[in-house]
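Below, in structure tokens: the form predicted on its own, a single chain.
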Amino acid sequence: MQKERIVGKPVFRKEGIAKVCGAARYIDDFSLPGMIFGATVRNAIPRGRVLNIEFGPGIPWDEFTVVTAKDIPGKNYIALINQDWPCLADGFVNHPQEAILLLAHPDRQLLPLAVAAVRIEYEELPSVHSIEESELQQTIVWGDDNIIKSYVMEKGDVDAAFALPEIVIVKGEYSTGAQEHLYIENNGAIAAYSERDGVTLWGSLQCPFYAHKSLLGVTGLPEDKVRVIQVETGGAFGGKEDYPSMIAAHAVLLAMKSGHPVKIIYDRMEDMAATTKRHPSRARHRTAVTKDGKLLAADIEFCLDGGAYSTLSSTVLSRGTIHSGGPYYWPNIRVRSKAFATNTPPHGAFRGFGAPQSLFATERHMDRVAKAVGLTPEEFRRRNLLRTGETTCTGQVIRQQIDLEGWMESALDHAGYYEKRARFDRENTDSLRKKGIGLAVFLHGAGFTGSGERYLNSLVGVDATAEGRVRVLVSSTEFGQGTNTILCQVAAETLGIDYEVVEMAPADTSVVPNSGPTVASRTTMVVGGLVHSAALGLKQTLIASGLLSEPYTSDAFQNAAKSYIAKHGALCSMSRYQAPPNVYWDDQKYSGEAYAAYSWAAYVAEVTVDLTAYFVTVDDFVALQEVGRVLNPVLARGQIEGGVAQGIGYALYEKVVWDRGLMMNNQMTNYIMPTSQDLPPIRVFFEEIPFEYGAYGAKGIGELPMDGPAPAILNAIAHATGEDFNAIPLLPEDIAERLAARTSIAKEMAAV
């Protein structure tokens, strides 16, 4: 028998050796016979009509393959939620960097010269570039109006609560900027086509079946003539959920027209300027609270800048809406949310998608409400945190045994919060290096929202090979987060065999079933649960055949599998998603069980604000979270540390500079992200309450750590400076401007 459990152990990563030794092959490492190279000619204006295209002198155009919208054999759109995102602009452009035509040539070095030689004449039309401009409808950008999607989420009687006597009403407005994914490996794809085999696409991507769906539409080919294969992928963070369908379609169109395999690899500048980013947001809070600090009602307006096309904005807006109430009990709450169209490249999926934006506003606002009623931030939260048996903003009953107050107190103890807060208050008076400490408590729903998992109807398989090895058959992809390792751990544990015996089948749409996209903190909880179920089925098949009996060794299992296959043929077990009981979502009323499970967290940030350079340093960071069962402690800790680092960048460093919809700082020399030297010690702590319907009790973990750093840091800065900063990224110039204004006002008051 297996001597010790595999789940819960820090086993080695399945792909680790290949990556460390340099054997892992990324998309630009591949080459096919006769392969040529592709490039994209992009739009240069925010919005307008294409009047004329000229191919300039000095380029041997007869050697080039040129593809325009007229060459698309199927539908001219990238299929995501809606069908509004053109594969290639057809006479009209809605944002800078929109693809207008494609070029391919055997000489990779000639392509940039050819792209520069294409001259496009436009009729420029009015455009909008912010939520505020779009809200005013200075021009119509998208569809019949400028609203891509809207929701209303309501619980209780908000207006009646605000009409109560002797209450305190606190208002606040909060905003977040765009954020670039900055995955290590840029977007890339290779496409091959033949009339007999159809299309084969290799790509750096998260969701093979998303690209498959889009290619069906663009090519007009049947399902069995479109094959998508994910190769080793160097990071994603959501940025390779949506956009790879676009680059895949471009490579395929060039391959179909040229008759050659085509490789398209973006350089860093093109990748940053043209692809999707985190949605900028604006949130307006109006909160009613009793004088003793009990929340009565919230009226929240939450808005996103969706960019020029809808892509995944409705999904991002949905999660942001549902998370707007945070981890608090609200007797009455109303959230009205909208995603506005603007003339920027479409914004899309990014780790946390919507929750980091709305939770930033909520956790900053909670500090302001606490101050308004004369309570400390932690005491105010203590009086209002959700408890078992209470209902969330959507009316979902919290059935799991949670202890948010205890977890918050534990995080505060780990951080030395009380002693430090008191000491910083004493020492900050005359210092030019002011210290502060801030808190954020938050939640994150695991899996797709509401009926999303039912709609996906995910299918997972586990099979055995003729050599007696076990394969996990899923479309879930590995891009650095540990999917391959975790799912193999689940299968090995379930089957009672050695971890080394289990491997992942390639993420190839012709090999694996559609187990849904690798997004939304669903892989371990949802897909892992299906792997467990499918592995049980495999084991039961062998026992029922009489070839295996318990107890057994790993070798005995392998021998039984080999004997079964020799006698009966294929040995495979499939499992399809079934929703846990008591999970029902009303899409019309936008209420009910929004998520099968939530993960919970309390983060504490300690900062120094240098008033000579106005620079903020994060000195210490405590991240405590409850994520169900931790299946691999090293990977889990890595997820938290990476998410906190990314959240620090979101809060203090990473600013996208726009000029009429064009990203101006699309290089890593002027888009600044924190390095390892800019990061504090990140002290990670886990609480474990196993979730009955997750793989061995696991819940979601990957997105949670993105939600808490920004509000904890800005709450700490407010403590240090006495100023409320309500927009991120918060750069030194922003702090200098605010404090200079405060000094000027103080001098004017003194003069009076």
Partner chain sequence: MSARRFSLCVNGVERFVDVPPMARLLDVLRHELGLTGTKEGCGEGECGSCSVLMNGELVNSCLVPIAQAGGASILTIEGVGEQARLHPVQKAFLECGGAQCGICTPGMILATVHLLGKHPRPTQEEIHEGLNGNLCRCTGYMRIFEAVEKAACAMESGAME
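Positions refer to the first chain, counted from 1. Quick caveat: nothing in here was measured; it's all calculated off a predicted structure.
Missing here is the form predicted together with its partner chain; even so, the following discussion is about that form.
Is every one of Asp28, Ile184 and Arg637 in contact with its partner chain in the model of the complex, taking contact as a heavy atom within 4.5 Å?
The answer is yes: all three residues contact the partner (heavy atom, 4.5 Å cut-off).
Proximity to its partner chain in the model of the complex (heavy atom, within 4.5 Å), stretch among 93-101, 230-238, 336-344, 431-439
Within 4.5 Å of the partner lies stretch 230-238.
Hey, in the model of the complex, is Leu731 touching its partner chain, heavy atoms inside 4.5 Å?
Leu731: no, not in contact with its partner chain in the model of the complex.
For Val118, is any heavy atom within 4.5 Å of its partner chain in the model of the complex, or not?
Heavy-atom contact with its partner chain at 4.5 Å: absent for Val118.
Can you tell me if Ala741 lies within 4.5 angstroms of its partner chain in the model of the complex, counting non-hydrogen atoms only?
Looking in the model of the complex, residue contacts with its partner chain do not include Ala741, since no heavy atom lies within 4.5 Å.
Residue-level contact is defined here as any heavy atom of the residue lying within 4.5 Å of its partner chain in the model of the complex; does Gln646 satisfy this criterion?
Yes, contact at 4.5 Å.
Of the residues Lys171, Arg268, Arg423, Lys291, which one places a heavy atom within 4.5 Å of its partner chain in the model of the complex?
Flagged contact: Arg268.
I need to confirm a contact call. Of Gly74, Gly156, Pro506, Pro674, which residue comes within 4.5 Å of its partner chain in the model of the complex, counting heavy atoms only?
Spelling it out, the residue with a heavy atom inside the cut-off is Pro674.
Scan 15-52 and note down the residues that get a heavy atom within 4.5 Å of its partner chain in the model of the complex; none is a fine answer too.
The stretch 15-52, when checked against its partner chain in the model of the complex, contributes Glu15, Gly16, Ile17, Ala18, Lys19, Val20, Cys21, Gly22, Ala23, Ala24, Tyr26, Asp28, Asp29 at the 4.5 Å heavy-atom cut-off.
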